[in-house]
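Presented as structure tokens, the chain that follows is alone, the form predicted alone.
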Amino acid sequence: MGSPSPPPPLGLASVLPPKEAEEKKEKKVDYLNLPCPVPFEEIQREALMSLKPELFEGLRFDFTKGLNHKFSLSHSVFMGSMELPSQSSDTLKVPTAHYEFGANYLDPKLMLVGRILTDGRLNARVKCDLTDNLTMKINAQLTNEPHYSQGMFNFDYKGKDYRAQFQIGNNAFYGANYIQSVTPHLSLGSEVFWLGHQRKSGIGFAARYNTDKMVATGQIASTGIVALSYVQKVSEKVSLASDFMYNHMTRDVTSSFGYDYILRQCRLRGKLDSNGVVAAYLEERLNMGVNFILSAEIDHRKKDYKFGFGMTVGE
């Protein structure tokens, strides 16, 4: 005869699941194989998706036509109003309208994007992978008004567990940043810049902690800016976000709370900030390649109300 079987567990032990610590041992962190962090300028990208939607006022229509799998043309029409700077608390608006023509070339190693508007502005973007780890980016904006044209060159290097970037632009602007993964979930970074024409310089530090369910970031700079953000992923389709910003120079403090809700045929984003401004942005998919857009922003304090609707056709 075999040995008697052990007695069954008594009380709560019979219904409670076994502890995870008993099932699997704690995983050791391999600090030589840490993940590559997100770029320094994108550490708040999850929060910006909810808190900074592309709000607009008026009518917008965008049409994109692909000529082949790499080259496409785009046409955009906008009719609305433009805000002018004013010394009073009231918002001064003037009606405006423009047409924009664009050309896009997309390749795995090269991206060319150009836009020209009826008012004479020309926007151009270039992204070129020089090597598997080194990427060059060019952003330029040319206008008819003197001293308003801008240009920027970026060189991004992607390492195994770090990223580095060097920037050079007009007005004798030079900048550099570096971000490093220190644990599987935590990355730390820093940036410096020098603006030669204004004889100004600055340094900043940033931290980002992310898991499958949340993302928390913090930034502080010698210019007096402190920025914090937090994103909670409630589910695969729902995210909640909040941010806080303090400007030591002007003593301004702002905070906001936002949401991002993805449904089968639409995506709804919105926010409410400490100044009482309420905003919402809805993208409704009507058909394959056809989206309807609604935008709204209400500022009761300034009596400023912005409503817009638009449509995008093409991918």
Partner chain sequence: MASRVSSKGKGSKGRSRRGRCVKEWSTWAMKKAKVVAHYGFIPLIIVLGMNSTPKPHPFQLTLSFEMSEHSIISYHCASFSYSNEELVLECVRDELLHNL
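Residue numbers count along the first chain shown, from 1. Everything numeric here is computed off the predicted structure, so don't read it as measured data.
As for the form predicted together with the partner chain, it is not shown, yet the points below apply to it.
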Worksheet, complete the sentence: Exactly one of L73, V238, L134, I168 comes within 4.5 Å of the partner chain in the predicted complex through a heavy atom, and that residue is L73
Fill in: Listed residue that, although the partner chain is not shown, lies within 4.5 Å of it in the predicted complex (heavy atoms), from K93, H185, R115, K233
R115
Discussion item. Although the partner isn't part of this model, could you tell me whether V278 comes within 4.5 Å of the partner chain in the predicted complex, counting any heavy atom of the residue?
Written reply: no
Worksheet item: Does at least one non-hydrogen atom of V192 fall within 4.5 angstroms of the partner chain in the predicted complex?
Response: no
Discussion item. Even though the partner isn't displayed, in the predicted complex is G120 close enough to the partner chain, meaning a heavy atom within 4.5 Å?
Written reply: yes
Worksheet item: Does the 4.5 Å heavy atom contact test between F63 and the partner chain in the predicted complex come out positive?
Response: yes
Worksheet item: Which of these stretches, 203 to 211, 172 to 180, 219 to 227, 144 to 152, has heavy atoms within 4.5 Å of the partner chain in the predicted complex?
Response: 144 to 152
Item to complete: Would you check whether the partner chain, in the predicted complex, lies within 4.5 angstroms of a non-hydrogen atom from each of K52, F257 and Y261?
Response: no
